[in-house]
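In structure tokens, one chain follows: the form predicted on its own.
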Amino acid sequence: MTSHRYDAIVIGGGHNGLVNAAYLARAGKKVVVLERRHLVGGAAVTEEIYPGFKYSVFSYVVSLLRPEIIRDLDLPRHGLEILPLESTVTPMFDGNYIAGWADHDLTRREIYRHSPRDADAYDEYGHMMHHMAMAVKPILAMVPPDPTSLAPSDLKGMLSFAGLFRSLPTRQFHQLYKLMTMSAGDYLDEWFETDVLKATKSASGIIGTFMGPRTPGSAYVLLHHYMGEIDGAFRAWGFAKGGTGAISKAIASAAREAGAEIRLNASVAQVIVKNGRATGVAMANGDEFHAPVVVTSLDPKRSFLQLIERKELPAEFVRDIERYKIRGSSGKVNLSLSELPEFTCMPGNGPHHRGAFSISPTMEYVENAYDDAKYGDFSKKPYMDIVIPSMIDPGMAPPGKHVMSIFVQYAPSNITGGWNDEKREAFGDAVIDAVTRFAPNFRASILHRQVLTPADIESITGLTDGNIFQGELALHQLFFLRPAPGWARFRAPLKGLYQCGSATHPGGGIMGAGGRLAALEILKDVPR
């Protein structure tokens, strides 16, 4: 057995863990990141599954990565380059389509083609959502206060939190209240009449959640995804050159430059606790790492129910973590293609292939996809968000060939009877069938396919139930309730132990905010 000593140990080399280590190292701390896989990134990784074809295996687009992290860590200097996704096309059953473009006027004209009324509403809706995003944006950089505490820092935090809402004009306050409580479908019904437009926009309210477009609370998830920005432009989405793994590599490079050590193939078996304090970790190979600060970027069920003996934690906290909703709802299908899919609604190759395709032709279609999952099955006609990375970054595939990334809802982690090889392949077939319905040449163009269910995602990444957000973005699991009441300030109920993953405020996506905020809190507790 070998023993190692550091100022801080970070469990998990996902993007939040890497951000956390980078900030601690920049403050002069001797930090080590322990990652069980052979590469960093967690769910933000790029792998060459088949020779010449590089897949963004799990997470595949970027928008939520906080600008302050990009700036503080100087990520462009470490290789980060975001390429814009400039369109979203939704094919319709009747051979028509609706498209959104980077050019606002083009999008407005496209909507006008379906409904002049909606074209006018689109401008007002865009302005309102921009104001909502601006109103909520400060919360992303805020450490959640404890509303039950009388500590000066918590009282100050609650006053700041209340002040954000008090400053809103009456109409904007009412809109924010609706976004926090309504379903995405019902909220969009108040703005638009075109079904395919509402279906496509409502999809942002269900991504990564076990909710349908008519489920109360899904409107907040819509706003959560609206808050993404690239170079100051809200609602902008992009693709990292080299895939999402390039984001993780850039953060890891910044962390190493600051002095952090990153160990791969390093599986943590247990957090070491002595006299009511976390003092280090024991590895699967018997080695031990010791430090006065231990930070976990893993999800709370793995962190607190598997790596720590329950007797070391308050019973009420353990019960809260046991009740924490972390059901996986999404699958991923990655494909190698011999040619581009030719969608019937937009024949030929064109700029639309450099954007996204949304398989959400009607609200009923998306809601029916949820119904399948609600009753314990994968969606036979799933909602899908599709990008062709090789059209944006040609280096992702051999010349003349392409890779396609398909995010799929719904693939429930609690599928009746559990996932097996037969169900995985049937799920993959359902995805192929759904795309081929709109692009007849698609099926024959497939060279390779990788089908990932929540069980596969959990097996590979360690994410409980394969949940990409480390827990649902439901109202009872946000802000000072994430991941548990009283424990949202990045500290765990064990001295010396901190948490920084997507299960912390402000939630999931390739954001990095949890890693940064946790590091700032640690540096308040530990003298520099």
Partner chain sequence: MKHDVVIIGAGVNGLTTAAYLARAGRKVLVLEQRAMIGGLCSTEEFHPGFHANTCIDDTGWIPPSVMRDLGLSAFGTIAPVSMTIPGSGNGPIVITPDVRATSESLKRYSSSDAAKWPEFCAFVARLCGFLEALYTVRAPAVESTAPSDLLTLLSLGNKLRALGKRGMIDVIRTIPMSIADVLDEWFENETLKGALSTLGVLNVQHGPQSGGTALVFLHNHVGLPLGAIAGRRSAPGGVGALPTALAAVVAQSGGEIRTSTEVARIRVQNDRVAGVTLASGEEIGVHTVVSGADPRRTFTTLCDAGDFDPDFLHAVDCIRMRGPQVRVHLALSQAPTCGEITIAPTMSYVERTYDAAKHGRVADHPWIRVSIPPADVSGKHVVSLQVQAAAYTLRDGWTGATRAAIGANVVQMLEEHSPGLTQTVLHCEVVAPPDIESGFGATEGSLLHGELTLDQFTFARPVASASRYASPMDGLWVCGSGTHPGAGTAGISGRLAAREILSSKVRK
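Positions refer to the first chain, counted from 1. Because the structure is predicted, anything quoted here is derived from the model rather than measured.
The same protein has a further form, the form predicted in complex with its partner chain, not shown here; the description that follows concerns it.
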4.5 angstroms heavy atom contact with its partner chain in the predicted bound form for Asp118: no
Any of the heavy atoms of Gly52 lying within 4.5 Å of its partner chain in the predicted bound form? no
Although its partner chain is absent from this view, report whether Thr170 comes within 4.5 Å of it in the predicted bound form, heavy atoms only. yes
So, in the predicted bound form, is Tyr370 in contact with its partner chain at a 4.5 angstroms heavy atom limit? yes
Can you pick out, from Arg166, Lys274, Lys311, Lys156, the residue that has a heavy atom within 4.5 Å of its partner chain in the predicted bound form? Arg166
Of Tyr177, Phe93, Tyr125, Tyr112, which residue is found within 4.5 angstroms of its partner chain in the predicted bound form when only non-hydrogen atoms are counted? Tyr177
Of the listed stretches (348-356, 399-407, 197-205, 374-382), which one has a non-hydrogen atom within 4.5 Å of its partner chain in the predicted bound form? 374-382
Does every residue of Ser149, Pro216 and Asp320 put a non-hydrogen atom within 4.5 angstroms of its partner chain in the predicted bound form? yes
Does anything in 180-199 come within 4.5 Å of its partner chain in the predicted bound form by heavy atoms, and if so which residues, in order? Thr181, Met182, Asp186, Glu190
